[in-house]
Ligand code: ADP
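Consider the single chain below, provided in structure tokens and representing the form predicted on its own.
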């Protein structure tokens, strides 16, 4: 059963502004969904409706077994207190309460304050040594982690996050997204509003809003194809017997949701069946992708002497843009190497016909 269901929901703020226009969508229990789109497209309004902070003029909002559009104000307060965790970009911490007290305040509103439990929640988000610090003494990333601890203290089944990394630097963004990934792994449903394409790709699914309507599940066709490529790479590693495929291709593993796998079957990239398996079309596409990636790794590592971390980053980029002619040129320049620097086989191409694989980089 869906954790969240919106049925032809419309929210108008006046005769001139329609924030959401007959929006219908379903979000499965335990799913991580990123809500994306330009400013003014209705993203925050959608989040407020799911949190019971706002109500539609038309349609229904159902979360679990509750129809939010039929709940009284006291029942909506109870719903937010017991079932929802809210994480905002602005933090909304009480400035004269320290980190521990801010989390305990959320406990008090839910049931009873428990200092030990609040301390453990902060330790789980890496703030065990910052319990007694006021918000003014915390960095932006630390404030956001206090917000996450506060949101999780009532063990909610639904997490609603509005641009939770919007004001964070890259290092703190990674830390906060790691916490959201841990929530997702525990089976909590996450609905996250974000403008950041990188953040959006961490989710199981992306919902694009435009002018108050659902415009699609991916921002562009190119992004959709790139997501399929990531899944194909992950599946190829599994076929090769890579026991660390989930770590080696973590993004592909996350994107391999039942929804995307079904679309790949419908397009003939995978064959029908419970377990994902390549069709001939899918195998050729995956083989070409892996060949481009591993040739790029070899070029950057052995010819350009790049640092290993940069090699992987650049190879991931080039695997999506190299043309067949350029791929063959690189392969010929490298003298048709049999394996990449990590020892994984490089699939042969048409340029390799009758050519011995030397494993040496080309010199001219």
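Residue numbers count along the first chain shown, from 1. Values in this document were obtained by computation on a predicted structure and should not be read as measured data.
Separately, the form predicted in complex with adenosine-5'-diphosphate exists; it is not shown, and the next lines address it.
Between the options 301, 327, 41, 69, the residue in contact with adenosine-5'-diphosphate in the predicted complex by a heavy atom within 4.5 angstroms is 41.
With adenosine-5'-diphosphate left out of view, the stretch that reaches within 4.5 Å of it through heavy atoms in the predicted complex is, among 57-65, 314-322, 32-40, 331-339, 32-40. When contacts are defined as a non-hydrogen atom within 4.5 Å, all of 13, 17 and 45 contact adenosine-5'-diphosphate in the predicted complex.
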